[in-house]
Structure formats: structure tokens, C-alpha cells
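Okay, so here's just one chain, in C-alpha cells, the form predicted on its own.
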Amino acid sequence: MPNSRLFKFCLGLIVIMFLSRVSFGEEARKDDDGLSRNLYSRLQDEGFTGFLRTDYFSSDKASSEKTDFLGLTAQIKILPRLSDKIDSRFEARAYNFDILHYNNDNSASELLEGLAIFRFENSDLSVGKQIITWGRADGVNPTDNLSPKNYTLLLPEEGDRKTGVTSLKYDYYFSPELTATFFYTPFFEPNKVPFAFPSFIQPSEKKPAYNIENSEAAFRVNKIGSDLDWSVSYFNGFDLTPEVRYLGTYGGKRLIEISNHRIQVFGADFAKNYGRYGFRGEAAYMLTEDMDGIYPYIKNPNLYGVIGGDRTFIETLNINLQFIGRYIFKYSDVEKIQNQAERSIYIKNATFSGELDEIQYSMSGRVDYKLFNETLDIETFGVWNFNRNDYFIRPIVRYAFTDSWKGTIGGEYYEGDENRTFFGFLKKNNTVFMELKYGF
């Protein structure tokens, strides 16, 4: 279905649900025999939910010079029960992030999830497009390598970034607390990242083909519901974050190739609470295609870890602090590359891949304060890199006018050297945003 048709379908369906709920909802709820229930009530039985939201961003997230984006997003989710032992889940989104300028480049639709879940006595088999999240750290998850994120999406919430990957997931339950998970897919999808290149650089993308040779597999054992929650995991697939390779010059342009390389990740995490204190940690050891550190366009093997905790004060104030570290094995300084054109490309590549320094130290923090019976939520999240003194701050305020209507206002601020730091590289994405959302 073309993007415009799916967008109109989602928007039209939401309008129908809204009118149906407002005009006929009370009469329908009074009828217990189910014969005269309205369309909204019938869909509710199938787990139908959704929302319509309008957003304003003062800047895009593609590291461009463009400003002032007004968008409209429609999203629906339905959970049909196909039989006593088969559930399903479907979620779709349609959006236009530049309705003021009628820009079709910022209009799209996507199926976030579409899968069937087969229930067995001690296990579940999920088949289809699904979002899978691993890791217990807050906002920084070294073991989360399965589902891609869209970092250019003009929506305010962190959870909006993820989309599903067509895959098979098998969960075996040894007990209510202990689960083993197997994941498999031949359909790799990378993260969408805010790469922006000047006119003298000509990029090309090399994406792994959908075939058995490029399959990804992962395994995880997860323990929950006890004093100590933990998991251990293994992933063999492609790095979600693309890397850039310099190919030379042609016709006065520098040619580069954007690609994703295969990695193996051994991971573990834990979480434990002591009263109002919570402690968590997560670590991953990554093996790459460049174990000897020879190629500047492929990540080196590395060890990446997060450890921290949070405390709740006065019931509704939560403060979370985490320390983040990464060690690059076989480190080589790309700033020593002799060719100027090649060096500039690989400095950007190392900046985005987190390989500018052999040892990196960072800290993240989140302060969340809820007021007025939790209808008002004030939150600030930030990350500061010690090595190069660059940082990112994301304040956001949410207010629930009613159960259905919610408003959001916030911003994202990046600071650092534009040529030598990760957050400085993203300075063009500094933005203020606002959202009004109707959900049902």
C-alpha cells in the first residue's frame, strides 16, 4: 500500500473511532448482549488502541540547516486473538513531518510490528516483524543489538525510535522466573542515523542482502522476579550502526561507502533493589571483522559497560546516575593518517563509532519528578563524555489534560567540538519541540 494511502487509512480509521466513541459509546456500553455495540467497542475487544498526534520541531534530526517542522502522526495497534493458542500483534504508523511545506520527503508509513504468537505449554513462538529490546541499563544498552532505531524521527519520546525486524523468536519457560530466548532472522535492518555530507562527498550504501548467508542469530537466558534480576546473552549478526569507508576521488568528489559489518557480542546485565535504591549494570564484549585493528572503516573489538543506580525521594522524585566506560582493543589513532581527505573521513567515522580514544569515560543522569497526582511529569536526561568534554541534555515536560489528551514540551541540546566529539557532531540537531496527543 502506498504511503499516502496508508496514512489516509490510519487517519480515517482514527477519526471513525473518535466519532464512534463520542456519539455512540454510552449506548453501546449499556447493551450487555453485544448485538448493538459500536465499532469502537468491538475493536476494543481485539485490543485496539492508537493515537493521533501533532508535533512541532524547531530543527530536524538529520544534521541539516532546515528549521521549523510541523508534523502529523497517526498510529494504531491491534491485538487480535486468532485462537486459544494463537495471539497476534499489529502496529502501524503513518506520518508527515513537514505538512507546512508539503514536503513528501518527510511523509512515510511503516509497519512497526506484525506478528503471530503461538502459545505452547512451556514456550512461545513469535513469527513476523517484531520489536525486541534487551538490556537493563537506563538509556544506554550495550547488549541491545536486535531491533533498529530511527534517530532521524521527529517524535519526542525515546520509545518512538524503534521499529521491528522480521524474525523468529522462541521463548522457553523453565519457570515463571527463568526464560531462554532464541532469535533468528535473515532480514537485517540498520539504524537510521543523521549522516549529513557536504556536496563534494558522494556516498553510496552497501546493505547486507536478505539471504541465509547474512542471517543473524542470538540467544539469551533471562532471570526475573527474584532479589536479583539478570541475563546473559550472545549475538551474531550485523552492527546496527553503519560505518563509512573512503573509496578515493572521482570527478572532483570524494567517494565513500556506508555499510554495516558483522559482529559477535557476549553480553550480561543485572538489576537489584534495596528499598528505594536500585542498582543495575550491563556489559558487552564485542568481536568484529577487524580483530587486529588494521582497517579504519571497521570497528575494533571493544568492551563496553554501564553501571549505576537510582533512588526514589518523596515518592515521586527519582534520580538515576550511571557511569559508562568503553575500552578499544588494538586501538590506532586515525588522526595520524597521512592522506588529508582519507583522514577527515575516518575522523568522522571514529567519532560516530566511539573510537576516537582508546579508553572512554562517560556519565549519564536522569531526574524524573511527578506532580499533581502524576498528571505532570518533569524529566531531564543527559550524557557527558569526560574525555572530550562534550555533552547532551534532553529536558521534557509532559502533562495529562485528561486520560485521552496529553501535551509535551521539551528540547535537545548538543555541545562539543564539531570535528572531534560525538555530541558536537550533532550540534545542528539542537531543537525545541512540542506535541499534542490524543490517545484511545
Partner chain sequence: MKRFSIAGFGIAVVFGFIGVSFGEDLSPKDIMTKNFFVNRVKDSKSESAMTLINESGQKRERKSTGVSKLQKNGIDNMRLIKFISPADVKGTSNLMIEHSDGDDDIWIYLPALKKVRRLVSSNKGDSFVGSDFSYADVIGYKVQDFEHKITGSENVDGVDCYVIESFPVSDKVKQDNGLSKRKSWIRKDNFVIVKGENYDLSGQLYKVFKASDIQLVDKENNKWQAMTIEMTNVQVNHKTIVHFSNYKVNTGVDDGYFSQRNLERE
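Remember, it's a predicted structure, so these values are computed and weren't measured experimentally. Residue numbers count along the first chain shown, from 1.
What comes next is about the form predicted in complex with its partner chain, which is not displayed.
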Contact test, all of Glu65, Asp239 and Gly325, partner its partner chain in the predicted complex, heavy atom 4.5 Å | no
Exactly one of Lys77, Arg245, Arg254, Arg262 comes within 4.5 Å of its partner chain in the predicted complex through a heavy atom, and that residue is Lys77
Here the chain is shown alone; which of Ile224, Leu321, Leu303, Ile294 has a heavy atom within 4.5 Å of its partner chain in the predicted complex?
-> Ile224
Any non-hydrogen atom of Gln202 within 4.5 angstroms of its partner chain in the predicted complex = no
Do Lys207 and its partner chain share at least one heavy atom pair within 4.5 Å in the predicted complex?
-> no
Pro395, heavy atom within 4.5 angstroms of its partner chain in the predicted complex | no
is_contact(Phe51, its partner chain) in the predicted complex, heavy atom dist at most 4.5 Å | yes
If contact means any heavy atom within 4.5 Å, which of 186 to 194, 351 to 359, 272 to 280, 325 to 333 contacts its partner chain in the predicted complex?
-> 272 to 280
Within 373 to 405, which residues come within 4.5 Å of its partner chain in the predicted complex, counting heavy atoms only?
-> Asn373, Glu374, Thr375, Phe401, Thr402, Asp403
